[in-house]
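Given as structure tokens, the chain that follows is alone and in the form predicted alone.
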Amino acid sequence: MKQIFQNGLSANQRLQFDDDGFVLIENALGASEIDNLVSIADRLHQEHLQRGCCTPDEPFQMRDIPRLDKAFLEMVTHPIMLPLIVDAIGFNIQIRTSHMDVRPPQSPEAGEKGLGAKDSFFPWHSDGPNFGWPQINGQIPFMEVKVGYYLTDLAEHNSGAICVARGSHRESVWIERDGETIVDPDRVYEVNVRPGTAMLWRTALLHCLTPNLSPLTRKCLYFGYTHRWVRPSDYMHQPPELIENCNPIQRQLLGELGTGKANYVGDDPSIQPVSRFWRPEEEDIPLKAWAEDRGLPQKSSS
């Protein structure tokens, strides 16, 4: 299937992203990309199985994945998704988190609890630090987006797909029903998609997983993008040998200065220290010029 490149969100995508909190991009990945990424995930999973770090029937996750394989690093600046990411949250951004998820088929008991119930295998939640993001009138400010790349077939109900509660980034979706407090079923969207689909979503959305009662192992990748002044959750600094082989935009998105320099508190730290993440110079954020070249809206993420 031919991949469609676009510069930024369309009007309909923007409306859905603002109202529902997510958009789906079909065929974001081509067949060869999917095959390559699946083979990498399988290799990493197999290596850890052999080391006894996990068992074949339990979920397996690795974080900070750009350091694990060049193909994962290249996903950070995926040519289809990066314009949508920058249009959504701005150019003054970096990776906050990334992870590879492998979820084997589960036993029928996994489906006995209510979807996202507190005592289920994967309760409803929104992403954030311990003790939570600050809130305004009960809602989380726009702190980050994630891109999920789905590498296996999740088209069927209860195949381990993520579920999101539409609009939960902007208003409460909890209701009382039969003496229980639950997420309004009318707001629940099960992301049943074919391999190669990507989802751009606000991580303030409540989300959970359906049980994987299919015969297939669910495999996907996630990359979370946040403002440069928010520190990453998976790493402090990437390995120097990784950064050395990055282009300026990759360096920015991996939390380094776009020049590759390490003067994080400015050129005169003993007298006038100033964080280059808090007060970046234009050379630190090459995504700004990249966005200008593509006619993307010139909003920063601050």
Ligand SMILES: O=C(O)CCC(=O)C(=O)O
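All values derive from a computational prediction rather than experimental measurement. Heads up: residue numbers just count along the shown sequence, starting at 1.
The next section is about a form of this same protein that is not shown, the form predicted in complex with this ligand.
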Counting only heavy atoms and a 4.5 Å cutoff, which of 169-177, 227-235, 76-84, 212-220 contacts this ligand in the model of the complex? 212-220
Would residue 187 count as a contact of this ligand in the model of the complex, using a 4.5 angstroms cut-off between non-hydrogen atoms? no
Residue 125 within 4.5 Å of this ligand in the model of the complex, heavy atoms: yes
Residue 201 within 4.5 Å of this ligand in the model of the complex, heavy atoms: yes
Given that the partner is absent here, does residue 194 sit within 4.5 Å of this ligand in the model of the complex, heavy atoms only? no
Of 183, 93, 162, 145, which residue is found within 4.5 angstroms of this ligand in the model of the complex when only non-hydrogen atoms are counted? 162
At a 4.5 angstroms cut-off on non-hydrogen atoms, which residues of 99-117 are near this ligand in the model of the complex? List them in order. 99, 101, 103
